[in-house]
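First comes one chain, alone, set out as structure tokens in the form predicted alone.
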Amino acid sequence: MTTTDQQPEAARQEMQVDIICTGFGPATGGFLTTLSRAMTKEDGTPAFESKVMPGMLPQVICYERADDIGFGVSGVVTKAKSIRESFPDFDPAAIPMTHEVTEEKVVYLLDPVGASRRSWLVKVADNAIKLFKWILPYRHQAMELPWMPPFLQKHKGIITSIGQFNQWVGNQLMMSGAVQIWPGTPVAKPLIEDNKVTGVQLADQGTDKQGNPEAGYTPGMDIKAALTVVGDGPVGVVGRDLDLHFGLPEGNHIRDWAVGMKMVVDLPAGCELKPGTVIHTLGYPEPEIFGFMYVYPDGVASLGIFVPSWFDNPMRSTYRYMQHWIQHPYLWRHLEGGTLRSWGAKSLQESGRRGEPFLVGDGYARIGEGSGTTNVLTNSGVDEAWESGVQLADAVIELLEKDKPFTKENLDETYVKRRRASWLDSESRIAQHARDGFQKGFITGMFTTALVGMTKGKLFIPFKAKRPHDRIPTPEEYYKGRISAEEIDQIRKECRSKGLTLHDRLMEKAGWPEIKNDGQLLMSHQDILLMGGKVQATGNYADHVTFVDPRSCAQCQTLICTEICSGQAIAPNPEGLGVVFDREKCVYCGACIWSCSEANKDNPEYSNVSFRAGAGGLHSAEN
């Protein structure tokens, strides 16, 4: 599978730098913060000399796809151990929407509408809670767990907005003058020569949506460097191309994913929640869907849900499920009367340590979420990503001091050795089997997570992860006994003729209540795209979402890519079979690449959706 087709006959300009970074997130922030501080001596003279511009500081450039470094989408709760080590005088008040954690709760939500698909074991647990509600902390159709597992606690940590945090870090870096950060500059692919990464190629500009040259066509420049630092996240083109070229270590996989969707809201006047409050939820709207709420200063909160790949439902409508989640009585009493400020979504790589790729090779090193840093036991990844960047920076500084090249051998001895000896690695080893049980259902998943957490990874029950397209049932299979196959077929035909997705019709047919919009917190999917965060699809680039084999889309009966698409950018083709893509709505969450029921015809480990380089996306620094 090729993810970044460019114009091979084009004459491309070339630029030489010392170090290239792809993607600006916490991992790259940790790398550049640590590296930039070591670039000059106390007297202001260069500590190292550029190989491409003698007499100057090493030329370090970071290319970020989004139009601003503050457009990362995520609400965050983190222990911030590594971040505080990088900033000994760290003051949460210096960053908007940031506060120390003051209170944490884990809340089990019962089903107040009766439409959730709950196994008999979950129903037994629900009934037991209701039966003993007089002695349990049960209220508002929910139970606050009286005890929070130590591995989930973020005591003395911080809550923040990743967009605001990235902006704060990036501003300091650009003021240092030691590094350059170029937003709005998508990277098309890595440059690989004889298994050595020699740099990256920027995306072509001045093309139509198919990538064909138009007026003003400018071939993407080849940027050559001794070291390419890959920190472009789980859906980044460079990281995924390296996975395709080099493969993954034996036994590793990137099959487990989730889409996280969130809102930032102004809480209603009189809301009793205090800044620093962290609420984790489970159990509703479906048992497999987890939720979060972080309360910032000034009556602002982030809240949202995670819909995972092991949620065996072809109707993975994250937005619809989030609307039901916020209306749960336990949450709605705090949210009713609130107002939307912004909205966003992103994919998360949920394989954790099991998804770790080859960390280094000749000319490249990988950091952050795309390198397997996410801790799937503690549900944390920002501090871990930051730490991986710090470790690589320390390794690069060591090699610069010794004037050694960035070979696989040297990077293994410096970066990988540091990582293997650190808390990042030891904690990821403990966590690596924490999510295995969810392959067999919610109850099994909760049991195995607890088992791994309480025994620090010594005991676990291994379950093999299925590829997403091997586990997605058809609507007929999923709704068997609730909606007849004939009814589903009729609804499918009606929706396809109108270019609509199935989830609203089928969910309501299955008993989910209609969403009654209030225009300020509950609103249509289309309205939230307009009101909750500006979506800008930069012109002159090829479409970044394409379909490898359109015939597979034409025969697909599930079209799950249309159901989970965060921005409704993928829709059934009203003119026939298959789907159509509208990049004017795409928020670049990446959920489509792992929510596809059709395997890639050339590499069945991947899906029929190709996600290429592209600029634009969601514009909201609050996220």
Partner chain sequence: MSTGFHIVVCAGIVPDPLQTLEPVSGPQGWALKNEMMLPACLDPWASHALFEAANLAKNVSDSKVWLVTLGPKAKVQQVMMTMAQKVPFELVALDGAANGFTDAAETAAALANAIEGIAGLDKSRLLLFGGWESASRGAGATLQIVGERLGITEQFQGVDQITIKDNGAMEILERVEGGSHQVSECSSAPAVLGWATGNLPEPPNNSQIGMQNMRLIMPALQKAPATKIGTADIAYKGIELPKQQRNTRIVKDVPVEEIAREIVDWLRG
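Not measured: the values here are computed from a predicted model. Residue numbers count along the first chain shown, from 1.
The same protein also has a form predicted in complex with its partner chain, omitted here; what follows describes it.
Heavy atoms of Pro183 reach within 4.5 Å of its partner chain in the model of the complex, making it an interface residue. Contact annotation: Tyr63 falls within 4.5 Å of its partner chain in the model of the complex, judged by heavy atom distances. With a 4.5 Å cutoff on heavy atoms, Arg341 counts as touching its partner chain in the model of the complex. The closest heavy atom approach of Leu577 to its partner chain in the model of the complex falls outside 4.5 Å.
The partner is absent here; in the model of the complex, the one residue of Ala421, Leu530, Ala94, Leu459 having a heavy atom within 4.5 Å of its partner chain is Leu530. Of the listed positions (Ser484, Asn410, Gln536, Thr474), a single one reaches within 4.5 angstroms of its partner chain by any non-hydrogen atom in the model of the complex, namely Gln536.
Considering its partner chain in the model of the complex, the lone stretch of 94-102, 362-370, 423-431, 148-156 in range is 94-102 [heavy atom distance within 4.5 Å]. Taken together, Pro285, Met322 and Asp470 are entirely out of contact with its partner chain in the model of the complex: none brings a heavy atom within 4.5 Å.
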